[in-house]
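What follows is one chain in C-alpha coordinates, specifically the form predicted alone.
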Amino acid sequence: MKTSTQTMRALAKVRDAPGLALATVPVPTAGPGEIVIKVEATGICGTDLHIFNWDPWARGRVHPPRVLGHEFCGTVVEAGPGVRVPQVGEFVVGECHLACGHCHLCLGGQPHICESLEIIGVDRDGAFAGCVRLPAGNAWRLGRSIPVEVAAVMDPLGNAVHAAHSTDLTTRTVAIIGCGPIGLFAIPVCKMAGAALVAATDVSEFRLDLARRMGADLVIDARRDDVAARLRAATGGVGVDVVLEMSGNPRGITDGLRAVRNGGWVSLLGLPTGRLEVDLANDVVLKAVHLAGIFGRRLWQTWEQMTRLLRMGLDITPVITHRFPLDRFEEAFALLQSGQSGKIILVP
(Lines give C-alpha, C1' and ligand atoms only; values in the text may rest on other atoms or scores of the structure.)
Protein backbone atom coordinates (compact mmCIF):
# COMPACT_ATOMS: atom_id res chain seq x y z
CA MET A 1 0.00 0.00 0.00
CA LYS A 2 1.29 3.42 -0.89
CA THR A 3 2.15 5.84 1.91
CA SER A 4 0.75 9.36 1.92
CA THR A 5 3.16 12.28 2.13
CA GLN A 6 0.45 14.41 3.74
CA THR A 7 0.07 14.53 7.51
CA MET A 8 -2.76 15.19 9.95
CA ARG A 9 -3.34 15.60 13.66
CA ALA A 10 -4.60 12.57 15.57
CA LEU A 11 -5.34 11.63 19.17
CA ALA A 12 -3.34 8.52 19.93
CA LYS A 13 -2.03 6.14 22.54
CA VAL A 14 1.65 6.72 21.87
CA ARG A 15 3.26 4.90 24.80
CA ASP A 16 2.67 2.14 27.32
CA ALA A 17 1.30 4.45 30.04
CA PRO A 18 -1.92 6.22 31.07
CA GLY A 19 -3.05 9.16 28.97
CA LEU A 20 -3.19 10.09 25.30
CA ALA A 21 -1.34 12.58 23.13
CA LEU A 22 -1.91 14.66 20.02
CA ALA A 23 0.38 13.31 17.33
CA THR A 24 1.19 14.09 13.72
CA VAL A 25 0.60 11.03 11.56
CA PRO A 26 0.36 10.31 7.81
CA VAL A 27 -3.02 10.77 6.17
CA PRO A 28 -4.25 7.23 5.33
CA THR A 29 -4.61 6.11 1.73
CA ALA A 30 -7.17 3.66 0.40
CA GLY A 31 -6.02 0.20 -0.63
CA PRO A 32 -8.07 -2.34 -2.61
CA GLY A 33 -11.63 -2.50 -1.27
CA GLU A 34 -11.04 0.43 1.10
CA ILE A 35 -12.19 4.01 1.44
CA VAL A 36 -10.83 7.06 3.25
CA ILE A 37 -13.34 9.16 5.19
CA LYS A 38 -12.83 12.79 6.16
CA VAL A 39 -14.08 12.72 9.75
CA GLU A 40 -16.72 15.32 10.64
CA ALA A 41 -17.55 14.23 14.21
CA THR A 42 -16.68 11.43 16.61
CA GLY A 43 -18.03 10.19 19.92
CA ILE A 44 -15.97 9.24 22.98
CA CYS A 45 -16.81 5.74 24.19
CA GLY A 46 -16.22 3.99 27.50
CA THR A 47 -13.73 1.81 25.63
CA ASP A 48 -11.69 4.93 24.87
CA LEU A 49 -11.70 5.75 28.57
CA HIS A 50 -10.34 2.26 29.36
CA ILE A 51 -7.49 2.92 26.92
CA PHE A 52 -6.93 6.44 28.29
CA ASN A 53 -6.64 5.02 31.82
CA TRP A 54 -4.53 2.11 30.52
CA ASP A 55 -6.30 -0.51 32.66
CA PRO A 56 -5.46 -4.25 32.49
CA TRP A 57 -7.87 -4.87 29.59
CA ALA A 58 -6.36 -2.04 27.53
CA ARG A 59 -2.79 -3.10 28.27
CA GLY A 60 -3.57 -6.61 27.06
CA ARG A 61 -5.38 -5.54 23.88
CA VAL A 62 -3.97 -2.28 22.49
CA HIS A 63 -0.48 -2.00 21.02
CA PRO A 64 0.85 1.59 20.82
CA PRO A 65 1.15 3.63 18.77
CA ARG A 66 -2.57 3.50 17.98
CA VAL A 67 -4.97 6.27 16.90
CA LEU A 68 -8.18 5.91 18.93
CA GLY A 69 -11.82 6.52 18.02
CA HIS A 70 -14.47 4.13 16.71
CA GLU A 71 -17.68 6.18 16.70
CA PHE A 72 -17.61 8.46 13.67
CA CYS A 73 -19.18 9.85 10.53
CA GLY A 74 -17.88 11.82 7.60
CA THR A 75 -17.49 12.21 3.85
CA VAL A 76 -15.75 9.74 1.57
CA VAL A 77 -12.72 11.47 0.03
CA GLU A 78 -10.99 8.49 -1.59
CA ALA A 79 -12.08 5.09 -2.87
CA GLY A 80 -9.54 2.34 -3.54
CA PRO A 81 -9.41 -0.16 -6.41
CA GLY A 82 -12.49 -2.32 -6.70
CA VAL A 83 -14.78 -0.05 -4.68
CA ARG A 84 -18.13 0.67 -6.36
CA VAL A 85 -19.99 1.99 -3.31
CA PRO A 86 -19.83 4.24 -1.45
CA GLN A 87 -18.66 6.86 -3.90
CA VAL A 88 -16.43 9.83 -3.24
CA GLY A 89 -18.55 12.65 -1.82
CA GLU A 90 -21.06 10.42 -0.02
CA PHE A 91 -21.81 10.94 3.67
CA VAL A 92 -21.35 7.73 5.66
CA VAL A 93 -21.19 6.32 9.17
CA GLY A 94 -18.53 3.78 10.06
CA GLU A 95 -19.30 0.33 11.46
CA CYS A 96 -16.22 -0.18 13.61
CA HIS A 97 -16.38 -3.99 13.90
CA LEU A 98 -14.37 -5.60 11.12
CA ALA A 99 -15.34 -9.23 10.51
CA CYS A 100 -13.16 -11.73 8.67
CA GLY A 101 -15.96 -12.89 6.35
CA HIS A 102 -14.71 -16.48 6.35
CA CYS A 103 -15.39 -18.10 9.76
CA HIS A 104 -18.50 -20.19 10.37
CA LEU A 105 -20.18 -17.29 12.20
CA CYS A 106 -19.62 -14.86 9.32
CA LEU A 107 -20.78 -17.44 6.80
CA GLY A 108 -23.80 -18.18 9.02
CA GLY A 109 -24.99 -14.57 9.03
CA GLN A 110 -23.52 -13.48 12.38
CA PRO A 111 -20.47 -11.38 11.50
CA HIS A 112 -21.04 -9.19 14.58
CA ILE A 113 -19.62 -12.05 16.67
CA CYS A 114 -16.90 -13.07 14.20
CA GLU A 115 -14.20 -15.23 15.78
CA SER A 116 -11.45 -12.97 14.35
CA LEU A 117 -13.15 -9.63 14.96
CA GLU A 118 -11.05 -6.47 14.84
CA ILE A 119 -12.16 -3.02 16.01
CA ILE A 120 -11.33 0.34 14.47
CA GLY A 121 -9.58 2.51 17.07
CA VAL A 122 -8.52 -0.55 19.08
CA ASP A 123 -6.86 -3.02 16.71
CA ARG A 124 -6.49 -0.61 13.75
CA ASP A 125 -6.05 3.15 13.64
CA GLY A 126 -9.27 4.98 14.34
CA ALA A 127 -11.19 8.20 13.83
CA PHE A 128 -9.86 10.67 16.42
CA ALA A 129 -8.14 12.24 13.42
CA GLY A 130 -8.75 14.23 10.28
CA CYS A 131 -9.27 11.07 8.21
CA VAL A 132 -9.78 7.35 8.79
CA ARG A 133 -9.37 4.33 6.52
CA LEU A 134 -12.20 1.77 6.46
CA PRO A 135 -13.18 -1.28 4.40
CA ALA A 136 -15.83 -0.04 1.99
CA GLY A 137 -18.19 -2.78 3.18
CA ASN A 138 -18.16 -1.23 6.67
CA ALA A 139 -19.61 2.10 5.58
CA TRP A 140 -23.31 2.77 6.17
CA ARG A 141 -24.54 5.21 3.51
CA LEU A 142 -26.78 7.69 5.28
CA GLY A 143 -27.25 10.89 3.36
CA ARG A 144 -27.66 14.26 5.07
CA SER A 145 -31.13 13.77 6.55
CA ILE A 146 -29.63 12.84 9.95
CA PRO A 147 -27.69 15.53 11.90
CA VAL A 148 -23.92 15.02 11.95
CA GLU A 149 -23.67 14.67 15.75
CA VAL A 150 -26.40 12.04 15.77
CA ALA A 151 -24.78 10.17 12.89
CA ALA A 152 -21.48 10.18 14.79
CA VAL A 153 -22.98 8.16 17.65
CA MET A 154 -25.02 5.62 15.68
CA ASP A 155 -22.53 2.96 16.80
CA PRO A 156 -23.63 3.11 20.49
CA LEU A 157 -27.21 3.82 19.46
CA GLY A 158 -27.02 0.52 17.60
CA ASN A 159 -26.03 -1.21 20.84
CA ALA A 160 -29.19 0.14 22.45
CA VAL A 161 -31.38 -0.88 19.49
CA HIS A 162 -29.83 -4.36 19.39
CA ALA A 163 -30.38 -4.86 23.12
CA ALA A 164 -33.94 -3.54 23.10
CA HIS A 165 -35.01 -5.47 20.00
CA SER A 166 -33.54 -8.78 21.16
CA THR A 167 -37.04 -9.62 22.43
CA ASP A 168 -40.58 -8.34 21.80
CA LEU A 169 -41.31 -5.29 23.96
CA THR A 170 -44.92 -4.69 22.89
CA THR A 171 -47.04 -3.89 26.00
CA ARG A 172 -44.25 -5.22 28.24
CA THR A 173 -42.61 -3.63 31.29
CA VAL A 174 -38.91 -2.81 30.93
CA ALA A 175 -36.17 -1.84 33.39
CA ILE A 176 -32.97 -0.23 32.12
CA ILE A 177 -30.12 -0.69 34.60
CA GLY A 178 -27.49 1.98 34.04
CA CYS A 179 -28.06 5.38 32.41
CA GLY A 180 -24.88 5.88 30.51
CA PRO A 181 -25.41 7.00 26.91
CA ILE A 182 -26.46 3.54 25.69
CA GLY A 183 -28.96 3.12 28.52
CA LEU A 184 -30.32 6.61 27.87
CA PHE A 185 -30.62 5.90 24.14
CA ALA A 186 -32.57 2.75 25.01
CA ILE A 187 -35.35 4.65 26.82
CA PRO A 188 -37.06 6.16 23.74
CA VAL A 189 -36.17 3.08 21.67
CA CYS A 190 -38.19 0.94 24.11
CA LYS A 191 -41.06 3.43 24.09
CA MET A 192 -41.18 3.39 20.29
CA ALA A 193 -41.14 -0.43 20.39
CA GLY A 194 -44.39 -0.36 22.37
CA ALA A 195 -43.25 -0.91 25.95
CA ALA A 196 -45.97 -0.24 28.52
CA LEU A 197 -43.56 0.92 31.23
CA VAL A 198 -39.91 1.97 30.96
CA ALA A 199 -38.05 2.34 34.24
CA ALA A 200 -34.43 3.53 34.52
CA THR A 201 -31.93 3.26 37.37
CA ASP A 202 -28.53 4.80 38.04
CA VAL A 203 -26.37 6.25 40.82
CA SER A 204 -25.73 9.63 39.15
CA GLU A 205 -28.24 12.43 39.66
CA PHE A 206 -27.02 14.05 36.45
CA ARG A 207 -27.85 10.93 34.45
CA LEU A 208 -31.12 10.30 36.28
CA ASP A 209 -32.19 13.79 35.19
CA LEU A 210 -31.28 12.86 31.62
CA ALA A 211 -33.37 9.70 31.97
CA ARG A 212 -36.36 11.84 32.88
CA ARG A 213 -35.74 14.06 29.85
CA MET A 214 -35.57 10.96 27.64
CA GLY A 215 -39.04 9.92 28.78
CA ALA A 216 -38.53 7.24 31.45
CA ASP A 217 -41.82 6.51 33.26
CA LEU A 218 -40.06 5.63 36.52
CA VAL A 219 -36.59 6.81 37.61
CA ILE A 220 -34.90 5.05 40.54
CA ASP A 221 -31.81 6.26 42.40
CA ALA A 222 -29.88 3.06 43.14
CA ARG A 223 -27.89 4.83 45.88
CA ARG A 224 -30.98 5.29 48.04
CA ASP A 225 -33.64 2.84 46.91
CA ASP A 226 -34.04 -0.94 46.81
CA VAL A 227 -34.21 -1.18 43.02
CA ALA A 228 -35.79 -4.64 42.86
CA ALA A 229 -38.42 -3.74 45.48
CA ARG A 230 -39.34 -0.52 43.64
CA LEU A 231 -39.65 -2.35 40.32
CA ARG A 232 -41.77 -5.11 41.84
CA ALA A 233 -44.02 -2.53 43.47
CA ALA A 234 -44.45 -0.80 40.11
CA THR A 235 -45.53 -4.07 38.46
CA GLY A 236 -48.05 -5.35 40.99
CA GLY A 237 -45.46 -7.46 42.80
CA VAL A 238 -44.55 -9.74 39.86
CA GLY A 239 -41.43 -8.00 38.53
CA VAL A 240 -40.61 -6.52 35.14
CA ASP A 241 -40.93 -8.50 31.93
CA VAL A 242 -37.61 -7.34 30.48
CA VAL A 243 -34.34 -6.06 31.96
CA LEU A 244 -31.74 -4.28 29.83
CA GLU A 245 -28.55 -4.39 31.91
CA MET A 246 -26.32 -1.58 30.66
CA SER A 247 -24.11 -0.89 33.68
CA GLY A 248 -21.83 -3.90 34.07
CA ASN A 249 -21.88 -3.13 37.78
CA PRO A 250 -22.21 -6.24 40.01
CA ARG A 251 -24.95 -4.64 42.09
CA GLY A 252 -26.78 -3.51 38.95
CA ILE A 253 -26.69 -7.03 37.53
CA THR A 254 -27.98 -8.45 40.83
CA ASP A 255 -30.74 -5.82 40.99
CA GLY A 256 -31.82 -6.70 37.47
CA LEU A 257 -31.93 -10.44 38.11
CA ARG A 258 -33.90 -9.91 41.33
CA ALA A 259 -36.33 -7.54 39.61
CA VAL A 260 -37.18 -9.64 36.54
CA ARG A 261 -40.33 -11.75 36.73
CA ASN A 262 -40.40 -15.52 36.47
CA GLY A 263 -39.88 -16.43 32.83
CA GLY A 264 -38.65 -12.92 32.05
CA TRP A 265 -35.89 -11.74 29.74
CA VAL A 266 -32.55 -10.15 30.62
CA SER A 267 -30.31 -8.58 27.97
CA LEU A 268 -26.74 -8.24 29.27
CA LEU A 269 -24.74 -5.54 27.52
CA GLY A 270 -22.72 -3.85 30.31
CA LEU A 271 -19.22 -5.24 30.83
CA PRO A 272 -18.09 -5.97 34.41
CA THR A 273 -14.49 -5.07 35.21
CA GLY A 274 -13.89 -8.53 36.71
CA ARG A 275 -15.55 -11.75 37.80
CA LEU A 276 -18.74 -11.52 39.83
CA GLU A 277 -20.94 -13.76 41.94
CA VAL A 278 -24.51 -14.49 40.83
CA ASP A 279 -27.20 -16.47 42.65
CA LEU A 280 -27.73 -18.63 39.59
CA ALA A 281 -30.11 -21.05 41.28
CA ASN A 282 -32.60 -18.58 42.76
CA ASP A 283 -32.30 -15.65 40.35
CA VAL A 284 -32.03 -17.51 37.05
CA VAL A 285 -32.65 -21.27 37.02
CA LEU A 286 -35.61 -21.51 39.40
CA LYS A 287 -37.18 -18.44 37.78
CA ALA A 288 -36.64 -19.82 34.24
CA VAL A 289 -35.12 -16.47 33.23
CA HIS A 290 -33.81 -16.04 29.68
CA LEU A 291 -30.33 -14.46 29.57
CA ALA A 292 -29.01 -12.95 26.32
CA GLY A 293 -25.51 -11.59 25.86
CA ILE A 294 -25.61 -8.53 23.58
CA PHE A 295 -22.56 -7.48 21.59
CA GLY A 296 -22.23 -4.86 18.89
CA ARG A 297 -24.84 -4.48 16.22
CA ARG A 298 -26.39 -7.08 13.90
CA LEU A 299 -25.06 -6.38 10.41
CA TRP A 300 -26.92 -4.81 8.82
CA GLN A 301 -30.28 -5.40 10.45
CA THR A 302 -29.63 -3.12 13.42
CA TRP A 303 -28.39 -0.30 11.17
CA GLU A 304 -31.56 -0.45 9.12
CA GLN A 305 -33.70 -0.46 12.28
CA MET A 306 -32.02 2.56 13.86
CA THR A 307 -31.98 4.55 10.64
CA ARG A 308 -35.73 4.01 10.30
CA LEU A 309 -36.27 4.94 13.96
CA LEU A 310 -34.34 8.20 13.50
CA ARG A 311 -36.36 9.04 10.40
CA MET A 312 -39.56 8.25 12.32
CA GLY A 313 -38.65 10.87 14.93
CA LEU A 314 -36.39 9.14 17.47
CA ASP A 315 -34.64 12.03 19.25
CA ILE A 316 -31.39 11.24 21.05
CA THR A 317 -30.00 14.79 21.02
CA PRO A 318 -30.61 15.44 24.77
CA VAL A 319 -28.06 12.70 25.51
CA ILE A 320 -25.37 14.61 23.56
CA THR A 321 -24.37 17.02 26.30
CA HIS A 322 -20.87 18.25 25.43
CA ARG A 323 -18.74 19.05 22.38
CA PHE A 324 -14.99 19.64 22.28
CA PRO A 325 -12.33 20.25 19.64
CA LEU A 326 -9.67 17.56 19.49
CA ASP A 327 -7.04 19.63 21.30
CA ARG A 328 -9.26 19.81 24.41
CA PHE A 329 -9.31 16.02 24.76
CA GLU A 330 -7.98 16.03 28.34
CA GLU A 331 -10.92 18.16 29.47
CA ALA A 332 -13.31 15.88 27.60
CA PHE A 333 -11.93 12.69 29.14
CA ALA A 334 -11.93 14.20 32.64
CA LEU A 335 -15.59 15.10 32.20
CA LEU A 336 -16.43 11.60 31.01
CA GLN A 337 -14.58 10.14 33.99
CA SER A 338 -16.58 12.34 36.38
CA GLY A 339 -19.93 10.93 35.25
CA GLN A 340 -21.28 14.46 34.84
CA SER A 341 -21.94 14.11 31.14
CA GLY A 342 -23.99 12.25 28.61
CA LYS A 343 -22.42 11.63 25.21
CA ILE A 344 -19.35 13.71 24.42
CA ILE A 345 -18.54 14.67 20.84
CA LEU A 346 -14.99 15.37 19.61
CA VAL A 347 -14.57 17.42 16.43
CA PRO A 348 -11.26 16.88 14.59
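Start at 1 and count along the sequence shown; that's the residue number. This structure is a prediction, so every number in the text was calculated from the model and none was measured.
The next section is about a form of this same protein that is not shown, the form predicted in complex with another copy of the chain.
Inset, instruction - Kindly indicate whether 36, 53 and 91 are, all three, within 4.5 angstroms of another copy of the chain in the predicted bound form, using heavy atoms. - result: No, none of 36, 53 and 91 comes within 4.5 Å of another copy of the chain in the predicted bound form.
Legend entry - Which of 200-208, 127-135, 103-111, 142-150 lines the interface with another copy of the chain in the predicted bound form (heavy atom within 4.5 Å): Stretch 103-111 is the one.
Legend entry - Contact flag, residue 279 vs another copy of the chain in the predicted bound form, heavy atom cut 4.5 Å: Answer yes; at least one heavy atom of residue 279 falls within 4.5 Å of another copy of the chain in the predicted bound form.
Inset, instruction - Evaluate residue 308 for contact with another copy of the chain in the predicted bound form, applying a 4.5 angstroms cut-off between non-hydrogen atoms, and reply yes or no. - result: Yes, residue 308 sits close enough to another copy of the chain in the predicted bound form that at least one of its heavy atoms falls within 4.5 Å.
Inset, instruction - Using a 4.5 Å heavy atom cut-off, state whether residue 272 contacts another copy of the chain in the predicted bound form. - result: The answer is yes: residue 272 has a heavy atom within 4.5 Å of another copy of the chain.
Inset, instruction - Answer yes if any heavy atom of residue 247 is within 4.5 Å of a heavy atom of another copy of the chain in the predicted bound form; otherwise answer no. - result: Residue 247 lies outside the contact set for another copy of the chain.
Legend entry - Contacts with another copy of the chain in the predicted bound form - residues in 218-247 whose heavy atoms fall within 4.5 Å: Going through 218-247 in order - heavy atoms within 4.5 Å of another copy of the chain in the predicted bound form - the hits are 238, 241.
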